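The chain below stands alone, shown as structure tokens; this is the form predicted on its own.
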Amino acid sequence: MTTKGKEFKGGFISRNSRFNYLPDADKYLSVIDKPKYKFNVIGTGIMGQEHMRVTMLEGRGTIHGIYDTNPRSIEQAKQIFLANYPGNNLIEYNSLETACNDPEADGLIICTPNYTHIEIIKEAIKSGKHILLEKPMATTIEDAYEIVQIAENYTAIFQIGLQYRYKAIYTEAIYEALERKTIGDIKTINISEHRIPFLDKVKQWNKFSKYSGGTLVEKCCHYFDLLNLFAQSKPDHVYATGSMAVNFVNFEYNNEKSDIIDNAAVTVVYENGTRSTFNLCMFSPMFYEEIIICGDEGRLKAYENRDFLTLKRPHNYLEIMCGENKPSRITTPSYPQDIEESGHHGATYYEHIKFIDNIAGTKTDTATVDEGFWSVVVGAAAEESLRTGKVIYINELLKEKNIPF
């Protein structure tokens, strides 16, 4: 029997352990193709382990080796990986140089603390390998621009880990607002994130702005990337207010007091006139994200709620209201459960699909180095506005730093 179109094969069936009893020769729908690409993970904390897990779930790549300066991170990553993927080998490197330049590896996934990115990239590019660099790409505008210059003539894939654009609600919002143009020309964008505080990290680097870039760079670059994406324009000026109201008010590490904010309201006005706001609260008892986009033909509202054990409503929700212009509707976009549970509600999984598609020569909509730069610019401008109480004009800010954008 022959069929037309894409054959229903692999995917969730190949990941289903109930079919493990089958001899390899008897697998067809449940066949697991041999991975084509090998990756080394630099930094094996929470995010590094998520990338390891998602690489194996996606299936076209495998984890070849790992490197981290913290022995406990290495040990935990090894234990989890070898327990879940028996029969796989995992090389442990003793230096960044050897991890980057092993000829057996096709690519590098860099998940180290923010302030280390610039120096690690300088070593990583010597390898010529494909690179997936976690967000934010740097902690300062100057370092971010240096990475832009480094990547400009880099011939392999250089992808930035701004994967929130692949969360189910944002994927659907992008499709409706930018591709279908369901709500017409976008005029205003509002994003909110309410969540628990920053988690513990090695040496508590994320509690100090000098290491993280500040909350509005470290945590919020994802959302500034989304605002930039929906606005389809460069930011013109930024204004922000915020404070350290609840979290880490009395926190000290090595006799140094934490200086990161836990709430903020940021306004970004774009060159094309689009206006946007971002609201942050990091002392909420739940995880909640919301985006509202208003166009001249309708309104889009979407949210992701992760306290669905106590609130009787869908954890993903998208509403499009168009009045008399065209049909309105409500949907609950989501991914299969194993994908949603793999990390960042499925966003990291689809980021990996795009990463490997990029390597294979298929052009995708992954965040470019330039887009990563602009997400840092908005975050850094917001931090500067918060410190000074002034409106920050982007062209003036970049001119002060001798950056020709």
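This is a predicted model, so every value here is computed, not measured. Numbering starts at 1 and runs along the sequence shown.
Omitted from view is the form predicted together with a small molecule, to which the following refers.
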**Message:** Does any part of G45 reach within 4.5 Å of the small molecule in the predicted bound form? Heavy atoms only, please.
**Reply:** yes
**Message:** Taking the small molecule as it sits in the predicted bound form, is I120 in contact with it (heavy atom to heavy atom, 4.5 Å or less)?
**Reply:** yes
**Message:** If we define contact as a non-hydrogen atom of the residue within 4.5 angstroms of the partner, is W205 a contact of the small molecule in the predicted bound form?
**Reply:** yes
**Asked** Looking at the partner-bound form in the predicted bound form, is Y67 within 4.5 Å of the small molecule by any heavy atom?
**Response** yes
**Message:** Please tell me whether the candidate spot formed by K135, Q163 and H344 is one where all three residues come within 4.5 Å of the small molecule in the predicted bound form (heavy atoms).
**Reply:** yes
**Request:** From the candidate stretches 229-237, 214-222, 295-303, 267-275, select the single one in contact with the small molecule in the predicted bound form, where contact means a heavy atom within 4.5 Å.
**Result:** 214-222
**Fill in**
With the partner omitted here, the residue among T112, T182, N316, Q159 that in the predicted bound form has a heavy atom within 4.5 Å of the small molecule is T112
**Selected contact from N190, T116, N263, T140, since only one has a non-hydrogen atom within 4.5 angstroms of the small molecule in the predicted bound form** = T116
